[in-house]
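One chain comes next, on its own, written out as structure tokens in the form predicted alone.
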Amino acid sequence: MEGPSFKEQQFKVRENLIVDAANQLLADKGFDLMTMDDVAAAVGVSKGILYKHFPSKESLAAAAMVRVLRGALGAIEALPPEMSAVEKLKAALRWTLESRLAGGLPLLPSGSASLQTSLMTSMEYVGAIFRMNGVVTGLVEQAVRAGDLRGDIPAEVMVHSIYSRTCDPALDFLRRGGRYADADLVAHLVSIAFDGLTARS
């Protein structure tokens, strides 16, 4: 069986470059301010070529989110099997925050109807988000059974609380202040997410 042709390989390489650029622009500017002109200029292609890969800004943002979800799932799956569920959850949050600091995590608005429609009609995105939810929910439930997370809070609430930490604006605000190293900021936010703010005796 023959592999992809040179033209098909070129198309795929260019598509990856487009998603890379979109990831960076979405992280820097956000979905509302990013334009397809921005993406085309960042990659060095015409807008016509860009639209051959992605028919809309929404479809490009969906591809960027699929890339992030797959990266997060890959990071979780690469963790040592002997690691406890709660430590895997902490490691996943660390990975996400470090990705944000590296400019590789898109910031998408939850209120954009066109974007939400594009996401919900993307089979790749829906499949990735269902898989992610299953993995994270499973880890939360394991951690509860092990006594490492509270059993009086529904697993769904804890899952979405962890998700919300991935876009915590405190990370960007404190980083701009320049008083903390990136690694320290990540460690502090992960600790707060899982240990809270209450002093322990």
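Model, not experiment: these values are computed from the prediction. When you see a residue number, it is the position in the sequence shown, counting from 1.
Although it is not shown, the form predicted together with the DNA is what the next lines describe.
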query	finding
Non-hydrogen atom within 4.5 angstroms of the DNA in the predicted complex for each of G134, H160 and Y163	no
Residue stretch of 51-59, 172-180, 152-160, 64-72 approaching the DNA in the predicted complex, non-hydrogen atom distance within 4.5 Å	51-59
4.5 Å heavy atom contact, T35 and the DNA in the predicted complex	yes
The DNA contact in the predicted complex: R14, any heavy atom under 4.5 Å	yes
A41 within 4.5 Å of the DNA in the predicted complex, heavy atoms	no
Residue contact check: V45 to the DNA in the predicted complex, 4.5 Å heavy atom	yes
